[in-house]
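This text opens with one protein chain seen in two forms, each one given by itself as structure tokens under the names structure 1 and structure 2.
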Structure 1
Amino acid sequence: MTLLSIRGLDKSFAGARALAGAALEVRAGEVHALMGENGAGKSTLIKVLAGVVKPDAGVIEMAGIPVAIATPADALNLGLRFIHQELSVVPHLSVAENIFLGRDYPRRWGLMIDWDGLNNAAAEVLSGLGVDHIRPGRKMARLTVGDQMLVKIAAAFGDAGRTAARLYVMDEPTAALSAEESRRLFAVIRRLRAEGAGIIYVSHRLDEVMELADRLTVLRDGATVATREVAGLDKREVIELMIGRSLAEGYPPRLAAIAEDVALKVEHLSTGMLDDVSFEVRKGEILGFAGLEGAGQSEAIRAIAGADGGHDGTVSLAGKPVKIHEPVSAWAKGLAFLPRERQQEGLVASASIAGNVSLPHLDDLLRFGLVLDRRAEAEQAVELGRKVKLKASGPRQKVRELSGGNQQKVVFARAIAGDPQVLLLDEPTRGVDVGARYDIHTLLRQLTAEGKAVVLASSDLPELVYMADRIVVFRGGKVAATVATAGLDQATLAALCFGSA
């Protein structure tokens, strides 16, 4: 049975067409992946379904009946539920309170909250999803991100007194989850599918899409270009449908040899989470950092960049020890730092592209040391935007109006604006579509060909195996191994991360 049907969906913003006759059909009891590059129209389509954006044209039907979704309340009443990667939870309240947030809690004698009743009701909802490891009375702040995600699904699943959930829209739900947390989420998704719910699943992780989805629909430039059964589908075909061109290679080849000169040397780096970390990276080299979540790879990059205060140990650039206590001094010394959380730490979303690119380099754009040269700032943004293949209307466009992949390209443009000798990258392609990923990987090859050194922390094992020259494996805040990538496979790297190799 067709649960949701969308036909001829159009939407434009200030003359820019975000949706161009988009179509989507979701059946009851299926996981339907919605694929496309950042900016392809996925987010706009989801916002239309959520009643946040009003379409210019198009027809939406639920179970064959035309519907109008003018407000989020309309979407809720139609049985639509939305699960986003940015979780909106109340951390100081319990799991049970979050599940029934916004609804009347059970009461004794019509006065006092029946806490036992509330916890039992929450336990029943969690049990209905096959979740038995989360205690209803536990504070949300004490849960992992993955368990918070399960609680959010439980809140949508247990909408007592409202229209029963029929269609779940999950937007990058595993972006910040560990492998075990993702496994639990997948089990819940399969349970919802078995009970007849429809699920629209949005993810840039092709492997999990191929594992979970029954069918997929690809958007490109706001239009639907294909709907396919996933069984027997080739991942390369999906990528080529998304980017609209043939993909000759999954990862760009190295362009130049690695130099002998050491660009960055770290000796006996220690913090509250790191213990005696030492390594070096040469000019033209990409040094990968691998490990389980919290193993120390991200913490090492942040410590070198001065993002979390001081540290013990020595950091040397081109053979000279340097003192770095904050990212500003890192930029000044030729170290470019790209944090994992681009929204919170990497960008000023309300500012322009030009303003974001120039932010750490304002001294270079001052006239007479006093007044910012706005023309030079814009010209710089245009030139660097061209180098990172940024898609934007112009240097004065607000960063918040860009897709996730293009926002990340703005961060890269800022990094290379200062002509750094070393780039410290923490999950630089997380939440970025395959086309933008390829552009970023190509840029890294170009930068290393110019003699720049790159330290790349990533949870994406293929990215490390195919892009890095060597990989430092972290476990428990220490360096557990350093391996060359020549002949290395993902299984061996994973075993090293788990300590089973």
Structure 2
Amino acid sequence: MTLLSIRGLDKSFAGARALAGAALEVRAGEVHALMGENGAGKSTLIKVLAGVVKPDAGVIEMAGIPVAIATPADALNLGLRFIHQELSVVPHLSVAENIFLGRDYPRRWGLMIDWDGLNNAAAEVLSGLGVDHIRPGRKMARLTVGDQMLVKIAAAFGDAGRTAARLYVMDEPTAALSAEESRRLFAVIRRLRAEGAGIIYVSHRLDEVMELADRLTVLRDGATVATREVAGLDKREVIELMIGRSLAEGYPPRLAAIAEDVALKVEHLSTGMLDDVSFEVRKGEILGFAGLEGAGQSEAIRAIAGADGGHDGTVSLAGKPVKIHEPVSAWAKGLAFLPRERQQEGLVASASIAGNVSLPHLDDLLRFGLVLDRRAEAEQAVELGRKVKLKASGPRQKVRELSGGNQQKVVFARAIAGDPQVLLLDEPTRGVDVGARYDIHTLLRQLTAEGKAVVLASSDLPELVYMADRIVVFRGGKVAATVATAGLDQATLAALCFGSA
């Protein structure tokens, strides 16, 4: 049965066409993947369905009946539920309050809010999703991003007192989840499908889509190019449908040998989360960081960049010990830092692309040390934007107007601006489409050929195995192993992360 049918959907933002006659048909009881490059129009289509963006033209039908979705309440009443690409949580409220946000809280004698009742109800919703490790009374701000995502999912899925859900729409739900959390989510999705709900699923992780989806629809430049059954389809075809050409498969090869000189040396690094971490990276080398979520990879990068305040131990750049207490001084010392959570700390959404790219490099752009050279700033942004294939109307476009993947490219452009000697990259390709991902990998090869050193933390095991020269495996805040990637397979690496090797 056709649950949702969209035809001829158009939407322009200030003359730029985000949707150009897009069509999509979703059946009850199927997972339908919505695919396309960064900026193809996926999130815009979803925002139209959610009543957040008003389309210029188009027809939306639910079970064959044309519907008007003018507000988020309309969408909710039609039985639509959303997990948007940008996580919007209320950090100072509890988990339970976030789950029941905008709904009637349980009350005692119809008067006082029944906090125990609220927490119990929240715990019930969470455990219905197989999530038992999150306390409902905990402040949202204290949760990992992965756990915040699970709470958002619980909030969207907990149905008490609302129209029964018929269609779940998830825009890159796994982008911030660990492998384990993703598996949990997939189990939930499969259960919803078995109960007859439709699911629209957006992800740039092709393996995940091939595993989970029944059918997929590909958008290119705002138009639908194809809808296919996933069974019998191979990844290469999907990539071709998305980017309109075939892609050099896999990963770009190394271009130059690794130098002898050590670019970054870290000795006995300890913080509340890290215990005596030591490693070194040579010029031209890519050192991978692997581990389960929260094992210390991110924490080590953040500690070196001075993102979380003080630490014990020594950090040396090109043989000289340096003191770094905040990211600004890291940049000044030739150390670039790409944080994992671009929305929360990576970007100033209301500022322009150029402004964001130059943010930590303002000193270089000051003319006579006084006025900011706006032209140089814009030129730099255009040049770097080209390198990462940024899709934008120009360097002055506001970051908030960019698609999610293009925002990620702005953070990456900033990391390579200002000619850093060492790059600390935490999940640099998360949310980035397959084509752009290949471009970022190619760029990393070029940078290392120029003698830059790269630390690459990633939850994507193939990316680590193919791009890194050596991998530091973290477990419980300690270095559990350091392995060369020559001859290393993914299964061995996964076992090392779990501590079962």
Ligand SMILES: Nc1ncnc2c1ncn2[C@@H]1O[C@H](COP(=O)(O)OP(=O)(O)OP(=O)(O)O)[C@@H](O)[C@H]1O
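Heads up, when I say rigid core I mean the largest set of C-alphas that superpose within 1.5 Å between the two forms. When a residue number appears, read it as a position in the sequence of structure 1, where counting begins at 1. Bear in mind that the values here come from a model prediction, so they are computed numbers and not experimental data.
Out of structure 1 and structure 2, where do we see the form predicted together with the ligand?
Number 2 is right.
When you overlay the rigid core, is the Cα of G306 off by 2 Å or more between structure 1 and structure 2?
It does not reach a 2 Å shift.
If we fit on the core, is the Cα of L292 displaced 2 Å or more between structure 1 and structure 2?
No, the C-alpha position differs by under 2 Å between structure 1 and structure 2.
Tell me whether P136 is among the residues that move between structure 1 and structure 2 (Cα shift of 2 angstroms or more, core superposed).
It does, since the P136 C-alpha is displaced 2 Å or more between structure 1 and structure 2 after the core fit.
In Å, how large is the CA movement of K387 between structure 1 and structure 2 relative to the superposed rigid core?
Superposing on the rigid core gives a C-alpha shift of 2.7 Å for K387.
Quick one: CA shift at V125 between structure 1 and structure 2, core fit, Å?
C-alpha shift for V125: 6.3 Å.
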